[in-house]
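A single chain, nothing else alongside it, follows as structure tokens in the form predicted on its own.
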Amino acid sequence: MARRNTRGIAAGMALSLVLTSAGCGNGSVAPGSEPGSETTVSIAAEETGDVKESESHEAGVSGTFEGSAQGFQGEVRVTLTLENGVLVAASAEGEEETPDIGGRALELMPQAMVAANSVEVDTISGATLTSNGILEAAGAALDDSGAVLVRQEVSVVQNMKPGTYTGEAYGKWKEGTIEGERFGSPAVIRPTKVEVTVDETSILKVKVVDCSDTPGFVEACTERIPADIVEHQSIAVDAVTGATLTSQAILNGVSQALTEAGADLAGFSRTAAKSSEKEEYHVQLVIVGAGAAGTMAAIEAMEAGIDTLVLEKCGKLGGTSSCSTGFAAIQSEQQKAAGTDEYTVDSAFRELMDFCKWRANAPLVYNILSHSGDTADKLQSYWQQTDNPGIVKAGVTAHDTGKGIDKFDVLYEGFLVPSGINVMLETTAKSLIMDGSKVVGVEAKKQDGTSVTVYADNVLICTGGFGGNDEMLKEYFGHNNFYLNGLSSNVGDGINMCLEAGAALSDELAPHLAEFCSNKNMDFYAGYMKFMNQAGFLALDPSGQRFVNEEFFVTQALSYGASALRRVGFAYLIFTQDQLDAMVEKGLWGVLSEETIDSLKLRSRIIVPSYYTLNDEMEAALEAGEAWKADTLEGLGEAIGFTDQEIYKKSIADYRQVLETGEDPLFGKRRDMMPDLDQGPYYAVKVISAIDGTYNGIRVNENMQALNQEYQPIEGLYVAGQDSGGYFSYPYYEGVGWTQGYAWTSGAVAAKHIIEEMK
């Protein structure tokens, strides 16, 4: 959006803000308000002088003006009300924006606009896309008015009732979710609760007294955000990168408490000024990203005595790897002790290369597999010196560590930091420093605005791909119709920096598809709906045509099933009322036989005895227009609204023939995974591909050196983990732990080569 000239407001003008709260992207409605309700905030303006006619030829404009723009999930609309050329009210709406993040932007930015008499206000941390949509929409509304606003700093006089007040809001995990417990949260999720102590004019203390969000993500938020609120007297402080939902829950709770205290939120919504400080470092190795790859590289550097600095954009360690339950490695000591070491590096190499039809980089694959066992052993040698058990079980390839950040924290707190490895959290790398074609460092920015320049002999990039960047997903994969089950902070920083330095992308760049189904607008992952593709239900593509052998969603979920769903963009799963009821009561046991379930070797969490939240999930999906119900299959097709109903009708007729005969001549589906369609009512639910992120980024050689378009190494630049490309092809290897095994081991391989080259 083009910037506009802004000044101030007329002297002594009293302003009234009308805030419309609505369901929106990753935020919440105004405290105490239902979606669509209005909150009025009075703002007293300081006297600064009259608006000069020469500064605004339309100073007398009055009226209500509207503008719209694209937000995070959908359209954002802004309404501005002007009286005699002064902005007296503003509201923002965005029904498709997710409530936990973008809602704060919809709530706070209109207040800031009225307070400043300007549509050019700061964005809300953690809600960039929604914020940018609001700015663009407000700019369009102002253009429509023809007015030129004159910016004014406004002083808000608070008159709160002294005392301690409470507020609460849900963060990462919502009420009723079953998923949080897998990550260490309580079985029964409670809202994040805060206590706020105030006097007449100021916030004296903020304390988080309860939070059910994921351990490891919570701590960075509870330590920094309350202190920042008090220091800056603002609820517009920065969210903790990588823990946005938890950050917003705290901020929403504080907003609620302040409202109860009688605060004028406009007076507590100023964004803190960014630091203009500059810091400079000179090291032998700078590592960008503290996930599995970066951490393993830091361990190798520590052991070699290499002067190392680790930059991590999030307020926590571990990256997406903290959400992983384990990793693949071959011929580790743990496997030998468990008697599961029959799988060799050579056999693993042949299996992976045969699976991908030799599209992977063979020398890289072999080098990673060759180092994977030693990497697992080295990690365990450190973990066993701590309270963290590390690898608790070793299978043929998998090394189970359990989810969580603690497995990273103990490595940094117990070994890396005490040994002199410098770690800077909430510091985002922005660009690589070049000396001709050689990479000699990194330019970065701290969350508080401090500029950081790091000169280094070698740079290792491992920022986790770009699963959280919708624009890049669409650019490289043709659409962004994915549900991200990984970290939204992985937005391609590292890949884009490498491309700017002349590196080339892998030919096998791909989304890291997950085996379960999901939805763009509904959080199916919070409950049991994500398992609905595991039952063999009929799946139809957007045209109403059957497109896959539905058993692949279970038997070869990570390759055939996941890639088939990705190809069509989204699908409809068709099932009956009886089947829904049976799954609520018995889970998959209600629709599949015990023999079938035993043969599928499903994960234990999929075959729990009851999907007890499924009815509530289905009602929510029906209400949101992401599911449909009808008494007949014909009526179901009409409710869904297929463009060509004849395609749908033929698919239903063909599948009924399959059910009747038990033979599936086109797709070859097994008979025991064919739930019937004999009796309605019938349901359809819309599902899309879930992804853990992306893999196969920058092209690298077997030593993890970034390669240019001519396949030549870029001096000083290494790439590991999911930012690097060549180890995988598309579709993803069947089996568990390959990405995490690659992440840990590729970091080790990169560091080992750097150390060798420095000798």
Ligand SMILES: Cc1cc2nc3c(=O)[nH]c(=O)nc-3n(C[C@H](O)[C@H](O)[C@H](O)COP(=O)(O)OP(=O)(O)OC[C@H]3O[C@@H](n4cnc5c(N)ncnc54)[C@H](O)[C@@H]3O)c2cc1C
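On a predicted model such as this, the values are computed, not experimentally measured, just so you know. Position 1 is the first residue in the sequence shown; the rest follow in order.
Unshown form predicted together with this ligand; subsequent notes refer to it.
With this ligand left out of view, the stretch that reaches within 4.5 Å of it through heavy atoms in the predicted complex is, among 426-434, 71-79, 593-601, 231-239, 426-434. Proximity to this ligand in the predicted complex, defined as a heavy atom within 4.5 Å, singles out one entry of 459, 290, 138, 249, which is 290. In summary, among the residues 86, 348, 124, 311, the only one with a non-hydrogen atom within 4.5 Å of this ligand in the predicted complex is 311.
This ligand is not drawn, but in the predicted complex it has a heavy atom within 4.5 Å of residue 326. Although the partner is absent here, residue 192 is not a contact residue: none of its heavy atoms lies within 4.5 angstroms of this ligand in the predicted complex. When this ligand is considered in the predicted complex, residue 485 lines it closely, a heavy atom lying within 4.5 Å. By the criterion of a heavy atom within 4.5 Å, residue 530 is excluded from the residues contacting this ligand in the predicted complex. Contacts between stretch 678-704 and this ligand, counted in the predicted complex as any heavy atom lying within 4.5 Å, involve 692 alone.
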